[in-house]
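Consider the single chain below, provided in structure tokens and representing the form predicted alone.
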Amino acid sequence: MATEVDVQPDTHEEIMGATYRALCKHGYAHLTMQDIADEFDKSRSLLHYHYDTKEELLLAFVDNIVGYIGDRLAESETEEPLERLEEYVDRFVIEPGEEDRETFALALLELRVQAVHNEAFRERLATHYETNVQTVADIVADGIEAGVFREVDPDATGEAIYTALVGARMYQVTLGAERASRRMRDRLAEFVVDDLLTDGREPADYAGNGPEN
């Protein structure tokens, strides 16, 4: 079998894409290599040539999403800290009808459950968590330096924001708490206005303050 580093970049991206689509459709618990192969444009034998088992493939997938999601959360067209923070928070909202995003969020939760007993999953998902916390901590730190945010602990604030968003999203997708992620976004907007912005600063219009769809 080829090792992970032997996988050609294009093939690797295609396999990761197939894994993502299969997870969105089936979740983790019922996911099979055949489900992933069904989403893969090339042969199942090629999939098995690179990855012997579902666990091995999913470990590679977690490695892949650690970088991808972290980059997605960090990307922004503005350097303005408040707008960057708003964009970060907005990306956690799952609207009614976004079934693929709900299923994928559930799959990530199931992977986290596996981490309780699987050290390899635990190490990778811990990196995923720390990376996403650091993204928001960096935004807060930049805001403090720019005089936009008050003097707070960026790491503690980043962890609180990220954990609140993940918790609300899990509440929504596991227990059917419709719009829980949107409500948490709105509460965090209030926190930013009331507790994070420096005195005399006025926030831009925030997407979470609009009417619900």
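Throughout, we count residues from 1 along the sequence that is shown. Every value quoted in this text rests on a predicted model; they were computed, and no experiment measured them. Definition used throughout: the rigid core is the maximal C-alpha set that superposes within 1.5 Å between two forms.
Omitted here: the form predicted together with a further copy of the same chain. The next part is about that form.
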Contact between residue 20 and a further copy of the same chain in the model of the complex at 4.5 Å, heavy atoms?
-> no
4.5 Å heavy atom contact, residue 53 and a further copy of the same chain in the model of the complex | no
Even though a further copy of the same chain is not shown here, does residue 122 get within 4.5 Å of it in the model of the complex, heavy atoms only?
-> yes
Would you please decide whether residue 159 lies within 4.5 angstroms of a further copy of the same chain in the model of the complex, comparing each non-hydrogen atom pair?
-> yes
Which pick from 83, 110, 90, 142 sits with a heavy atom within 4.5 Å of a further copy of the same chain in the model of the complex?
-> 110
One residue of 60, 148, 152, 31 in contact with a further copy of the same chain, assessed in the model of the complex (non-hydrogen atom, 4.5 angstroms) = 152
Residues within stretch 161-175 having a non-hydrogen atom within 4.5 Å of a further copy of the same chain in the model of the complex | 163, 164, 166, 167, 168, 170, 171, 173, 174, 175
Kindly check if the Cα atom of residue 193 is displaced 2 angstroms or more between the shown form and the other one relative to the superposed rigid core.
-> yes
